[in-house]
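Take a look at the C-alpha cells below, where one protein chain is shown in two forms, each on its own, as structure 1 and structure 2.
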Structure 1
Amino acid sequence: MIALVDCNSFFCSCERLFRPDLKNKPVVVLSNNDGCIISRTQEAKQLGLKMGGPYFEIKSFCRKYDVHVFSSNFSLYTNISDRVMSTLEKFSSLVEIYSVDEAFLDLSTCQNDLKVMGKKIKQTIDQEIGIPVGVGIAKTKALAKVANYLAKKSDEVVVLDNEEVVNDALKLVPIEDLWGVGRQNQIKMKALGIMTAYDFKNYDNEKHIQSVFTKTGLQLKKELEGISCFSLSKATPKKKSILSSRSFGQVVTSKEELKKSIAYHISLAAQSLRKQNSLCSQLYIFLRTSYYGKTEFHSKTTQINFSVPVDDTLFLIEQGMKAVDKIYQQNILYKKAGVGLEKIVDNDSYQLGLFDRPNNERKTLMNLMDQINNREGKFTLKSMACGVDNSLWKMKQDFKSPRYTTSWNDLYKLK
C-alpha cells in the first residue's frame, strides 16, 4: 500500500508557523512579482478567492475582508519542506518526494493498521513541524491520490483497501479532479460520457483510451483498477532540463538590461547544473512581452548547440549574449526573459571532440565560485555581465516575510 501525504495550503501554512496570530484567518501567498495567488488557506477559499487569480484584481477585496497577503518566500518554504520530508522518512524506508508539499510513502511492510498509521503521520508532522497534512492510502499512486483528495474534504485519514471502498470513492471524484486529467483531456473524457473517475475505470475499450489519451492515459486507468503502472522511486533523478526565468517588475526595452537579466539567469541555471554534476549541450534563451499587454504578444526564442557539453558559466554567458543580439528587437516592451539548459549529460562520461581538451583552469574557477557563493550567498562572486544594478528588472515583492529559518539576519526575535 502507498500513502500520499500532502501539506494543506502549504505556503500559507509556512507563513502561519511564524505568525500564530493568523490562525483561522484568511491568508494568501502570491507568485513572484506579486502577480497572482498560488496558495490559499481554507478561510481564503471560502471567501471565494481563486487559485491563480491576479492580485491587482482582488487587492481592495483583500483589504476589505482582512485577508493577509504574503509575497512568496521560497527559501522559507523549501526549508520547511525539507523538514517535513525528513520527518516522513521515519515512517517508511521508501519515501518519494513528489513535490515541495507532497510525498508518496511505501507502506507495504507496515505491520500496523493503516488508518492508525495515517493518523500517526498527521500527528507527528503537526507536532514536530507544525504543518497540517492530509493522508490518503491505497494500492497505487493514482488511488492514493484519490484517497488524499477525499481526505482533504473530510480531514480524516482515508484508506481505500478493498474493491467496494475503491469504487465508492471513485464515484465521488469528478473526472476533472482526477490526477492526470487536465483541461484538454476532461473535455474529451466528457465527450465519451466519462463523468467520474469510476466511469473512467469502467470504460471498456482500452485501445480507444490509448489512442485518445496516449500511453499515460491508459496507465492512469490501470492504476485506478489497482494495477500499478507508476512505480515509487526514492532517488531524486537528475534534471533533464534546467530553466531559469522571471517576469520583470516593469517593462524593459533596453538591450543592455535584457543582457544583464539573461546573464543572471544563466548564472543561476549553470550553478544548478554543476550542483547535480551535469553538463549541457544546448542553451536556449527567450525574450517576450506580456500576455496581457495592449500591443500584440511577441515572443522570440533561440537556441545554441555545443559540440562538447559544458557547465562553464562564463562560456554560457558569452553564448547567451550573442543569442540576445540575434533575437532582440527595438521598441518591444519586454516583460519576461529566461534561459534553459538542455541535452543534459553526466560530467563524468561524455564525448569530447578528437582535438578538444577540457579547460581545467575554468573548472577550478567555477568550483571556487560555487564554494564562495554557497558559503557567502548567491552572487557574492559573479560575472560582471550580470551588472551591479538590476533595479530595472528586479521583481516586485511588497509583502515578503523574513527568512526565519535560513538567514541569520532574519532570525525570529524574542524579548
Structure 2
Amino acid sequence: MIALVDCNSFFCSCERLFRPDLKNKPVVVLSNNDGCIISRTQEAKQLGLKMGGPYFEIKSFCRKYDVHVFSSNFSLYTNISDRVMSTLEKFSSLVEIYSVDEAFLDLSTCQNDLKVMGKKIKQTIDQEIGIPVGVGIAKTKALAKVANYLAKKSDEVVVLDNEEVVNDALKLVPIEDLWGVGRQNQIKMKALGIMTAYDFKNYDNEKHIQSVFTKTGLQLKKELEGISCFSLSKATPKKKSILSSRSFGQVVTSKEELKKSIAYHISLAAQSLRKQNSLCSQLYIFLRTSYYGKTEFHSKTTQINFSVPVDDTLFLIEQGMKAVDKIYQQNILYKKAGVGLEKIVDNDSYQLGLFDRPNNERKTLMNLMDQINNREGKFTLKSMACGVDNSLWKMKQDFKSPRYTTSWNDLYKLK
C-alpha cells in the first residue's frame, strides 16, 4: 500500500506557524514580485479568492475583509518542507518526495491498521512541526492521490482498500481534479463522456485511450484499476535544464544593473547544478521588456556553448557578462532577465578529454561557497559581480515575513 501525505495550504501554514493569531483567519501568499495568489487558506477560499488571482485586482477586497497577505518566503518554506520530509522517514524506509509539500510513502510492510498509521502520521507532523496534513492510502499512486483528495475535504485519513470503496471514491472526483489530467486532456475526456475518475476507470476502449491520451494516459487508467504503473523511487530525478529568472520590481535601463541581475541568476543556477552533481555545456541569457508596457515589446536571447562541461559559477558569470554586452540595447525599459543552463550531464559519468585538466582549486572554492551559503544563508558568500546594492532590480516583497528558521537575525522572539 502507498500513502500520499500532502501539507494543507502549505505556504500559508508555514506563515501561521509563527503567527498563532492567524488561526481560523483568511491568509494568502503571493508569487514573486507580489504578483498573484499561489496559496490560500480555507477561510480565504470561502471568501471567493481564486488561485492565480492578480493581487492588484483584489487589494481593496483583502483590505475590506481583513485578509492577511504575505509575500513568498521560500527559504522558510523549503526549511519547513525538509523537516516534514525528515519526519516522514520515521514511518517508511522508502519516501518519494513528490513536491515541496507532498510525498509518497511505501507502507507495504506496515503491520498496523492503515487508518491508525495514517492518523499517527498526521499527529506526529502536527506535534513535531505544526503543519496540518492530509493522508490518503491506497494500492497505487493514482488511487493514493484520490484518497488524499477526499482526505483533505474531510480532514480524516482515507484508506481505499477494496473495490467497492474505490469505486465510491472515484465517483466523487471530477475528471478535472484527477492527478495527471491537464486542461487539454479534460476537454477531450468530457467530449468522450468521461466526467469523473470513475468514468475514466470504466472506459472500455483501451486502444482509444492510448491513441488519444498516450501511454501515460493508459497507465493512469490502469492505476485507477489498482494495477501499479508508477513505481516509488527515493532518488530525486536530475533536472535536464536549470532556469533562473525573475521580473524586476521596477524597470531597469542600466547595463551594469542588468549584469548584476544576470550574475545573481547564474549564481543560483550554478549552485543548483552542483547540488545535483551535474555539469552543463550551454548557457543562455535573455533580457526582455514587459508584455503589458506602453512601449513595443522587446526581447533578446543569446547562448554560449562550452567544449568542456562546467559547474564553475565564476566562469559562467564571466561568460554571462560577455553575453549581456552582446544583447544589451540602450534606452530599453527592461522588466525581466534570466539565465538557463542546458546540455546537462552527470559529473560522475563525464569523461575528460585527453588534453583536459580539471581545475581542482576552483572546484574546492565552489564547494566551500556552497557549504557556507547552505549553513549561513543564501549569498553569504558571492561574486562581487552580483553587486552589493540590488535595490533597482530586486524582487518586490512588500509583505515578506521573517526567515524564522534560516536566519539568526530573524529568530522568533517570545513576547
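Every residue number counts along structure 1's sequence, beginning with 1. In this text, rigid core is short for the largest set of C-alphas that superpose within 1.5 Å between two forms. This one's a predicted model, so the numbers in the text were calculated from it and none came from an experiment.
Checklist entry - Looking at both forms of the chain, which one is the form predicted on its own? => result Form predicted on its own: structure 2.
Item to check | Exceeds or equals 2 Å, Cα of Phe213 between structures 1 and 2, core fit | outcome: After core superposition, the C-alpha of Phe213 moves less than 2 Å between structures 1 and 2.
Item to check | After fitting the core, Val251 CA displacement of 2 Å or more between structures 1 and 2 | outcome: It does shift by 2 Å or more.
Checklist entry - Has the Cα of Gly320 moved 2 Å or more between structures 1 and 2, judged after a core fit? => result Moves: yes, 2 Å or greater.
Checklist entry - What Cα shift, in Å, does Ile262 show between structures 1 and 2 once the core is superposed? => result Here Ile262 registers a C-alpha shift of 3.0 Å.
Item to check | Distance moved by the Gln371 C-alpha between structures 1 and 2 (core-aligned, Å) | outcome: Its C-alpha position differs by 5.1 Å.
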